[in-house]
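Given as structure tokens, the chain that follows is alone and in the form predicted on its own.
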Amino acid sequence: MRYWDEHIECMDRSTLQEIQFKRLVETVKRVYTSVPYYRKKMQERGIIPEDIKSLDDLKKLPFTTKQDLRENYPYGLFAVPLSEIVRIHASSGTTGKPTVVGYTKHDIGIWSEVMARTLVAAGADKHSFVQIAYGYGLFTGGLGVHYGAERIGASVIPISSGNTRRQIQLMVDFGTTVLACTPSYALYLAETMEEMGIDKSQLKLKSGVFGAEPWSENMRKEIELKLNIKAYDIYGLSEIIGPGVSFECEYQCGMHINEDHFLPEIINPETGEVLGEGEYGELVFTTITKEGLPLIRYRTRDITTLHYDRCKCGRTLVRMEKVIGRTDDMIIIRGVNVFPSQIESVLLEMGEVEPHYQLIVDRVNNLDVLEVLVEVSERMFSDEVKKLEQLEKKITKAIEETLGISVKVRLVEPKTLERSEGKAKRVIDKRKI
């Protein structure tokens, strides 16, 4: 079995809970003392740190949202003096102000540690060559993986995102064994390799760690087939630490949350009520070791469920299932909740289309309409019109059966839809709501 820290990763739950409780109490005291915003929120609820007498009392504490971070822009939620902050990252801030994350030296150490666990679980070691095609800069992806790879002694190729043909050439020349990027970019790399006439047998790739956007099991199969690797899902978000919040092991039956650092809950996104094991809802995290930006009950907007049974790999760390969507990228069409990942699964099961699609939502005569643009393969596109019409009908029927609403499917030429070197833009909502 592959562990970075077997003692923690396989610890019995009662011992782990003791550690979690101790760290939770320390964190609540720290934010109450050092972050005026949290003190005010707790006072409004009539809570003092001494009220937290067990892990079950976590639910008494107030939630934190992305909006709270924006209202306290840039440093209002930091719990240490700025002189102790050694690194600042920020989200892209495509909607409003960016969310700003500060790290102390201690926080960077934790981040390196959780990413070391993540990479080792994906088969990396000190002999690996890790090519990091996540973006560097304010985005946490690149540097997060970078520090984890250095922690395990691997050779880091810090190429960042973009410059796709060069990425592939260096992959061949440098003997890259582990690829780290978004899943949609991994597929784009595979597509570009074909164009360059480079066969997957020319690569030394063994595994890939892919995250930063939701992707389906079918997309995993596609990546594994086209790059001849084992594809591992990783999960993280800047506000909590960056990549390394959770990771898959070789059994790929959910992502192990590094819960000695990040305490998870699943809540009903409407009511805020805590849900039981196996129930789907919104994932919420409390950071219990971070110094710079400790967050209490941070609402991720990601929809998943948790499993607490011991994994076949021997780890006892709780597993979260693949994120099936977000409460905020979930599209509601005629009262039905639609996640792009549902449509992606249908398309990839077809086999005759490429894994590139776009959803266009509009409102016509006061009625919501969903149009799905789907790229067909080169082979299919050169077929006669009748075959394309049959494929269009087949896809329409399959999507309508999955979603329970009518959709319009439009097949488009190969390479028509815009490719992304970061997160893929899957949904265009034209409705004026």
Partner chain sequence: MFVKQISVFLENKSGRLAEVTGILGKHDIDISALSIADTTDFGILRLIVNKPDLALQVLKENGFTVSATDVIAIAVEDKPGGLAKVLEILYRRDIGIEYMYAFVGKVTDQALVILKVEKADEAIEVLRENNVKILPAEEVYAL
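Remember, predicted model here, so these are calculated numbers, not experimental data. Positions refer to the first chain, counted from 1.
Separately, the form predicted in complex with its partner chain exists; it is not shown, and the next lines address it.
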Choose from 379-387, 27-35, 53-61, 393-401 the stretch whose residues reach within 4.5 Å of its partner chain in the model of the complex, heavy atoms counted.
379-387
Its partner chain: the contacting residue among Lys22, Arg410, Arg13, Lys425 in the model of the complex [heavy atom, 4.5 Å]
Arg410
Mind checking the CA-CA distance of Trp215 and Lys393 in the model of the complex? It differs by 3 Å or more from this form, so is it closer or farther?
farther
